[in-house]
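So this first bit is one chain, no partners, the form predicted on its own, shown in C-alpha cells.
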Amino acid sequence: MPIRRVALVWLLGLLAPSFAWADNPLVVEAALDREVAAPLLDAFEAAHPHIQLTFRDRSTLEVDARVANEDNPPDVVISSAMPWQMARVNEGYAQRLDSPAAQAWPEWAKWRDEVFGFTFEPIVMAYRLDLSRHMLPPKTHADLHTLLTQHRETLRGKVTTYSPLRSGVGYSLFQQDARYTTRFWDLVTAMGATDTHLEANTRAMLEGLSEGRYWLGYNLLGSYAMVWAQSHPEVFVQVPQDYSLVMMRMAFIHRDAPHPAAARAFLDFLLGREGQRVIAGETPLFSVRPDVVGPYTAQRLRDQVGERLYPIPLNASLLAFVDPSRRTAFMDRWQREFHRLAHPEPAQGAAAIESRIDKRSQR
C-alpha cells in the first residue's frame, strides 16, 4: 500500500470518534427556558465539543406529546411537569442509566435509576411596585387570600396564575397546594372573583407584571422569576413564608433514543459535579448535590427558608395526579370554585373552563 494511502487510513482512524459524534447529534426536548439554561448548555458543549446539541424549548404538554412520537423520538426528555414525566417513565419510555453519577444520586431525587430530578426550584409569588402603593404585598397564602377578598375591586383583572388546563406544571402545583392547605378551594374562589388571568407559562405572567397589566402573580417558577427580577426592578419575588412548594426538573433518556451514547453523556453531565456546579453558580435552578457551593443550592435554600420548604416527592405517588378520572374531578371542581362568585351559572364540565380561558387569552 502506498505510503500516502497508509497515512490517510491512519489519520481517518484517529478522527473516527469525532466523525461518529458529528454524525449522531443529541436532541433534547425540554420544558426549560433556554435563556435560563444557557450557562449549563454552554458548559456541556465546551466539555463535549464533538456532540452536536439540539435543544428544543417547549411547553410541558408539548414535551409530553413528543415522548410518544414513535417516528421521531428525542434522546433526552426534560420537564417540570413531574406527574407527566413519572407517568411516561412508568409506561416504559425511559431507559436505565447505569453510571457512577446515577448510582450516587440521592434516592429522594430519582426513581429506579431511570428518571432524575436535577434541580430544586421554589415556587413563588411575584408582584410589582404598584401593588405596594395600595396594600401590603402578601407574604403567605393566607395573606394572598385576604388581599383577594378585601381588595377585590382594586385587584380585579390584575392578578395572574397558571392555567391548570394549558400547563402541566400549573396543574401539578395546584394539586400539591390542595394537599398542603385546607383553604385551597377558598383561594381558587377568591382568584375567580377577581377575574384572575390564567396563563400557560411563567414568562407570560412575568411579562404581564412588567407591562403593568398584572400587579400580582401566584405560583410562578422561582427560577424564572428570579432571573426576570434581576433585569426588571419593577418586579419583586416573594418566597411564601408559610410554605413553599419546591419542584424538580425531571430528566430521562428515551428508550428509543437515536443517539444513546450522547444522551448518557448529557445526563451524566447534569448529575455530575461540573454540571451541578454550573447550576449552583450560574443559574437559579438550584443544585441538588450537597458537595457543590454557590448562591443557588438546595442546602442554601433550606438554610434561608427552613422547614417551610415542601419539595414535591419524586415517587410513584405522582402517578395518581394524571389519572384521567382524578384529573376530570379536579378540573370540574376547579371550574365550580373559580366561577362560584364571578360566574354564578351552573357548571358545564371541564371543557367550559378551557373555552373561557382561551377567550380571555385572546383579549
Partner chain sequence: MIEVDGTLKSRLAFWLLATVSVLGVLLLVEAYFSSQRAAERAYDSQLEAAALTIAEAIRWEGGQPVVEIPSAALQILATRHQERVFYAVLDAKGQTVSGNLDIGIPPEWRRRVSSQPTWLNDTYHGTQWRLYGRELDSAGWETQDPVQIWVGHTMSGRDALTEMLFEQAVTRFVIMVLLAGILMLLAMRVALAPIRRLRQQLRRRDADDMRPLDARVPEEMREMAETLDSLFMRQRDGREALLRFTADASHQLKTPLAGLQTTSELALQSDSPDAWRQALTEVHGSAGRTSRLASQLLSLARLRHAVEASATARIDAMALLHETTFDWAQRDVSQAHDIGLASLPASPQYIQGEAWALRELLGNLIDNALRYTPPGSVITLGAVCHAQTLELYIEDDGPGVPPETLAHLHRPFERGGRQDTEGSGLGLAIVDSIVRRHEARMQVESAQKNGLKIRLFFPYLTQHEEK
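Positions refer to the first chain, counted from 1. If you're wondering where the values come from, they're calculated on a predicted model, not measured in any experiment.
Separately, the form predicted together with the partner chain exists; it is not shown, and the next lines address it.
In summary, among the residues W111, F118, F266, Y127, the only one with a non-hydrogen atom within 4.5 Å of the partner chain in the predicted complex is W111. With the partner omitted from this view, the residue of A38, A46, A65, A320 that lies near the partner chain in the predicted complex is A320 [heavy atom within 4.5 Å]. In the predicted complex, at least one heavy atom of G92 sits within 4.5 Å of the partner chain. Within this chain, R326 lines the site of the partner chain in the predicted complex, having a heavy atom no more than 4.5 Å away. Taking non-hydrogen atoms only, R179 approaches the partner chain to within 4.5 angstroms in the predicted complex. None of the heavy atoms of T54 is located within 4.5 Å of the partner chain in the predicted complex. Exactly one of the stretches 326-334, 26-34, 303-311, 290-298 approaches the partner chain in the predicted complex with heavy atoms within 4.5 Å, and it is 326-334.
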